Ligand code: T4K
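Quick heads-up: it's one chain on its own, the form predicted on its own, in structure tokens.
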């Protein structure tokens, strides 16, 4: 046993740690198994007072969800020197070409087209693949999925999610298909894959395009098949908060060579050749500096995922004995990037509503988020257009209890442990907090 400074927590090695690792990764070294802890209250110590009740905040420098970091600075800076020397800063330079090649190798697709951000990637793909009409998508997603459709003149049709995976329900999709339906967009929420087979069956029967928003899912897989290889194409976000980032960026993975050729024309104003424009295009090119960051981060992705996994395990063991809060487990099979620390709050058992819980965390310097709240169908302009007619019970219920805790490589195991201690203190004082917040 090892007592950790003055905190009211002790640690021990789990008798069967192998059961905790379902993605083919070895457990961390026994000397660093801070994630394999159990909580024990030392009744001789004074109970910690939450910051919302006047106690000291847990973190003076707040923790963020997905705070950007660079794991391989030397590789990135070497590439910056090469860019400065070449004076090739944009216009599909060598860094962009190399980045696209490396992404294809990693995902296993024939093509991968990078652009300036993930929302632009969605817009270009929607516009290139589909003709105007209705497109089915989940409401439990980041609003960019729907906005990209709306910007390109499509009509979003929102469907409910499955209660276990939180991804779009194929049965709901099947019921939403009509003569105006031209496409179906699945979203791999928090890296948890959609029911790709079920959605493919719906799309095939209806004769519509199947596309995927894989913004959260780089490095994840379904069985042995990497995300990026399903549907007509899949879109990754390379935003600074993602597990693989290029400062800002997006990538479209596909096996359709002709589609990739068209997308590259569209991202460069529609040029077919020097001074020859063949299609309606826009400036969506990724700069060389962004590709350099993407390449550097791709080189160290395995290490980043391992750090994410260890932080997740520390959260998992720190929260499991606290009543009313449950950490979302990884998918039952396939690889996962462990990037999002997602929990559910049971208001009755925890002693307070999710929103008050997040307020308490913010007082502690723990900047948790309500992803995704509310469902997109409840946001403007969609709520106005729908006239309040849409009822999505699973989406509404899930959006009301989810909290995303700080994660990513800037949040280490010790940060996760301290966050769990803060959550324990909030739980222990839940009744008092609820009374004072009225």
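Residue numbers count along the first chain shown, from 1. Remember, predicted model here, so these are calculated numbers, not experimental data.
The form predicted in complex with the ligand is left out here; the points below concern that form.
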Sort through 287-295, 149-157, 208-216, 75-83 and report the only stretch with a non-hydrogen atom within 4.5 Å of the ligand in the predicted complex. 208-216
Identify which of 241, 128, 165, 300 has a heavy atom within 4.5 Å of the ligand in the predicted complex; exactly one of them does. 241
The one option of 144, 360, 112, 342 with any heavy atom within 4.5 Å of the ligand in the predicted complex is 144
How about residue 379 - does it come within 4.5 Å of the ligand in the predicted complex, if we only consider non-hydrogen atoms? no
Contact between residue 68 and the ligand in the predicted complex at 4.5 Å, heavy atoms? yes
Are any of the heavy atoms in residue 401 no more than 4.5 Å from a heavy atom of the ligand in the predicted complex? no
Does any heavy atom of residue 371 come within 4.5 Å of a heavy atom of the ligand in the predicted complex? yes
For this chain shown on its own, do 64, 118 and 187 all sit within 4.5 Å of the ligand in the predicted complex, going by heavy atoms? yes
